[in-house]
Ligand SMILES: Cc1cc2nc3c(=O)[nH]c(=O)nc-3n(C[C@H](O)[C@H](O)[C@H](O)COP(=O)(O)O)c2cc1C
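In structure tokens, the next block holds one chain alone, the form predicted alone.
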């Protein structure tokens, strides 16, 4: 079907991203996962490889990738650039155009017109912070679609908005964006 670049940042909800990657793959999509270092510290990259049959990308400059232009190659393949979960840190970097790791450099290299879907996931207080809201608004102005986070019990013990949308909801929206 389609080639999806799945960006995964270091939120406790990364476990849902594994399920999402699996569901996208089962739906017939080719899923290439790009993980931040923080995400890879929370969940083994091998888990994403197991559910997508594609080795995830974690480090732009690892010994095995010397000289590779992964950020350009991945961006050229993208029919959908999907970030789930998107932390407040990553939202800030993308809103400001900071490219200091593989995920952020891929983001800058994705062609104009390619659908970009962000799925924020963070503590309710963090999500409500004016800086985070400003960064999410900037992403929308820049052409991103930002899914509304779910509401409920959070890993930190608080209740409120900030939960990563359920994988089935993200899968449905991804399907709509891909036409």
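Positions refer to the first chain, counted from 1. No experiment lies behind these values; they were computed from the predicted model shown.
Another form exists, predicted together with this ligand; not displayed. Remarks below refer to it.
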Review point. For this chain shown on its own, do 31, 52 and 56 all sit within 4.5 Å of this ligand in the predicted complex, going by heavy atoms?
Key: no
Review point. Which one, 44 to 52, 108 to 116, 139 to 147, 31 to 39, holds residues whose non-hydrogen atoms are within 4.5 Å of this ligand in the predicted complex?
Key: 31 to 39
Revision key, fill the gap. Note: exactly one of 18, 171, 161, 12 sits with a heavy atom within 4.5 Å of this ligand in the predicted complex, namely 12
Point to revise | 4.5 angstroms heavy atom contact with this ligand in the predicted complex for residue 89 | key: yes
Exercise for review: Residue by residue through 116 to 146, tell me which have a non-hydrogen atom within 4.5 angstroms of this ligand in the predicted complex.
Suggested key: 121, 122, 126
